[in-house]
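For reference, the chain that follows is the form predicted on its own, supplied as structure tokens.
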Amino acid sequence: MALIFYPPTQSDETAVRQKTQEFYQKWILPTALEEDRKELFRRDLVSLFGKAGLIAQAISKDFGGGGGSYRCHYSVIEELAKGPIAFSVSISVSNLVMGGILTFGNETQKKTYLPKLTAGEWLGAFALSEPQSGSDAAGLMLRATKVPGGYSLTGNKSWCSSGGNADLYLVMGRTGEHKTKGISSFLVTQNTQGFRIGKREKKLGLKSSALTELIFENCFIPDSQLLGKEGAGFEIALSQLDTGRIGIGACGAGIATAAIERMQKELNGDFGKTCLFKESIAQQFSEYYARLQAIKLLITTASELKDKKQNIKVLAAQIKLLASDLAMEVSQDLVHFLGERGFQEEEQVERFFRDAKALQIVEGTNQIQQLVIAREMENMV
């Protein structure tokens, strides 16, 4: 029996959730274990989901998107995250690139790139972090030197999700000395001369989602691929981080939902008949259910505020913090309570645990989210 949440979903959101569930059951779940083991990313699924209108729910129909609400967008992310979250994270990240282009791009950039991304013909990647500037994004050092007709990029990016699988990279580079106002954003296609994929990281979780180094060696980027104005790169990056943090929160909600429903099924089956701690487990997971309900309401509130173009910075940090921590706790307990079965790959619950840990780190560690919230509280005094 599926968990019940309040308020009930709106009609458009319900339709999107149902369609996503159908596609997930048919196209993702059957091969999830094999792809996790072999660290495979199914690029064909991006096109499949794009043609079904499930990739860019919140992007205008003028550019091939769903023209819907952020409630619908995060519903897709959450439903996809009920199994292997690698695909869900990849779609969420691609939407950050779309959001940046939609908000800051000129008409030529919008018409050139957005239809390809919304249709799933292309996949986007967001390149901000560097070896020496993970949490301190403003400390990035990749040099973007002005040259006739464009910019020459030299340096490295680290931990880029979808690296090697993406077709378009939103890259932040330093065009000036000022820590924040000296950063600009560039649209870099995968076949650009002087740009290549470096080391692919071996990870605890998110196995089928590539996490790579990006290497730029005198990589020429024409002026036409500067996104927004020179010096606006940090603003562009921050504008999308809030969207991404809610997306990670939605992934956490998806994992938590799947884990609670699995435990509920186990307690109602043979496991529950012989479990000496059934009542204690049920009580623990009832608390998780209550916390999940609160998180889902926060996501709904933030989505509605984002649709109205209101500031959601602190809400996004709160959602990312609470949802990723909940996903970690509930998946850890699910593995623990199932004992040896929970430790086996075939049961596909140990993957919840491995993937949930990644959610506490990506899009700014949870310590960064605490810092964002604490600073906002200081401003309230």
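Treat the numbers as computed from the prediction; the structure is a model and nothing was measured. Heads up: residue numbers just count along the shown sequence, starting at 1.
Beyond the structure shown, there is the form predicted in complex with a small molecule, which is absent from this document and is the topic of what follows.
K.L.:
Report the residue, out of L114, A258, L211, C72, that has at least one non-hydrogen atom within 4.5 angstroms of the small molecule in the model of the complex.
P.N.:
Selected residue: L211.
K.L.:
Exactly one of Q193, N311, S135, N268 has a non-hydrogen atom within 4.5 Å of the small molecule in the model of the complex; which residue is it?
P.N.:
Residue within 4.5 Å of the partner: S135.
K.L.:
Can you tell me which of 281-289, 231-239, 216-224, 123-131 lies within 4.5 Å of the small molecule in the model of the complex, counting heavy atoms only?
P.N.:
Result of the contact check: 123-131.
K.L.:
Using a 4.5 angstroms cut-off on non-hydrogen atoms, would W159 count as touching the small molecule in the model of the complex?
P.N.:
Close contact exists here: in the model of the complex, W159 approaches the small molecule to within 4.5 Å, heavy atoms only.
K.L.:
Looking in the model of the complex, any heavy atom of V16 within 4.5 Å of the small molecule?
P.N.:
Heavy-atom contact with the small molecule at 4.5 Å: absent for V16.
K.L.:
Classify T365 as contacting or not contacting the small molecule in the model of the complex by the rule of any non-hydrogen atom within 4.5 angstroms, answering yes or no.
P.N.:
Yes, T365 lies within 4.5 Å of the small molecule in the model of the complex.
K.L.:
Does I373 reach the small molecule in the model of the complex if we count a contact as any heavy atom within 4.5 Å?
P.N.:
So I373 does not count as contacting the small molecule.
K.L.:
Check I59, M98 and I101: does every one of them have a heavy atom within 4.5 Å of the small molecule in the model of the complex?
P.N.:
Not a single listed residue reaches the small molecule in the model of the complex, so no.
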